[in-house]
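The form predicted alone is given below as one chain in structure tokens.
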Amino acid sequence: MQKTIKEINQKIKKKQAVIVTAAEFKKLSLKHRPEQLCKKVDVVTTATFGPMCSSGAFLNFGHSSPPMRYERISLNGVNAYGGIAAADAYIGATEESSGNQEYGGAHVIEDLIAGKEIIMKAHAKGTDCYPRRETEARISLGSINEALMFNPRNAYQNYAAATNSTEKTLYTYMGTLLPAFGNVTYSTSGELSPLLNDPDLKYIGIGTRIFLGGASGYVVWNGTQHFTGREKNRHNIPLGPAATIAVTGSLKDMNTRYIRAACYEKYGTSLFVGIGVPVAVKDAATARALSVRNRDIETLVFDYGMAGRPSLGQFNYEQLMSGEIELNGRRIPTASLSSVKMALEICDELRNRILSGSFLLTDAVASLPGNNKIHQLK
């Protein structure tokens, strides 16, 4: 049995489609074979909510009078990149304020979505066509032309867990790693996560419509550090960091419930991003992939205290999510940086939007690349 996106969208419009969350589908998979599931279910909503440092937004402020080419730009004291046109800028989530290391680009983005005013300052050398050399203004989402979230690397297909073998505390983007294997941290929604439910990237591709921070967004390319050459386990799941997606959507339609700034002690700022992807259950192979459980998804634990971050072992997410694992003969507490609770909420919210007819599915216009390598500087 093979269903098409067009057929499924017609069922959605007629209120005949069967939409379930990833969590619900896992339970159904205990009772029904994939061949039966693809007949029973049309769409499964998947989601993740966690820190995604490679995020940011393009902003168009509109022209000043007299006109100015904004070159050196700050937003609430956070530097934005202005080398892309006269009135455009890109604000990165991890850029920090010059006067407050606990405030950064992620906070600017959250404040804008929350409806707050931001102080924008800009300086330029001045040209014949753009003579103005400086400006200061209060801006908000309502007062600027465009505000487009564009995240170069989101929703990792899998990611390595982290620990620390040294005798000193390490402050990292994986959170605070306590000395002498004091803890293990990881970041995923596991069996709810979009790319883990589509391990061969057969459904999610360029042009796939997604839930992004409360808005409707799209996958626009593979994400940076997209690595599909990773070794896979017997359940066809990559062992460690693999595929990623680049995504975009309008800040003006987003909600601070699903976009939240964060500051990691002695590391810096990051942005928690909520992403939901509806997966069309086209055939039995798709249903089989969607039946993946946390016990089937394995990752490596890297030692962040040693050069090269050597792997210390391989664990599945059922073990990691239990609250502790056994490593080197010791029971070590584990903690997630991602929120399964929020991922479940996003799955529910996306399902409701599809059921209401306000969110239809899209066919990918091109597949995400496969068999590519990732390079590191020497």
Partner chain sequence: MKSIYYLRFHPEITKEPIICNLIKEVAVEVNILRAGIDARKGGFMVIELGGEEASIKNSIGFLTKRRVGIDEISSRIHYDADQCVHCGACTAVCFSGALGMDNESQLVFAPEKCIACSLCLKACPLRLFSFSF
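Here the structure is a predicted model, which is why all the values come from computation and not from measurement. Residue numbers count along the first chain shown, from 1.
Missing here is the form predicted in complex with the partner chain; even so, the following discussion is about that form.
Remark: of stretches 151 to 159, 196 to 204, 259 to 267, 225 to 233, the one touching the partner chain in the predicted complex is 259 to 267 (heavy atom within 4.5 Å).
Heavy atoms of G142 never reach within 4.5 Å of the partner chain in the predicted complex, leaving it off the interface. The partner chain in the predicted complex is not approached by C38, whose heavy atoms all lie more than 4.5 angstroms from it. In the predicted complex, the partner chain sits within 4.5 Å of a heavy atom of S338. Residue contact check for F302: none of its heavy atoms lie within 4.5 Å of the partner chain in the predicted complex. For the three marked residues, G182, F272 and M342, a heavy atom of each sits within 4.5 Å of the partner chain in the predicted complex. For the residues T135, S97, T94, T176, the 4.5 Å heavy atom test against the partner chain in the predicted complex is passed only by T176. In terms of contact with the partner chain in the predicted complex, the residue from E102, D88, D283, E117 that brings a heavy atom within 4.5 Å is E102. The single residue of 28 to 64 lying near the partner chain in the predicted complex is F49, the criterion being any heavy atom within 4.5 Å.
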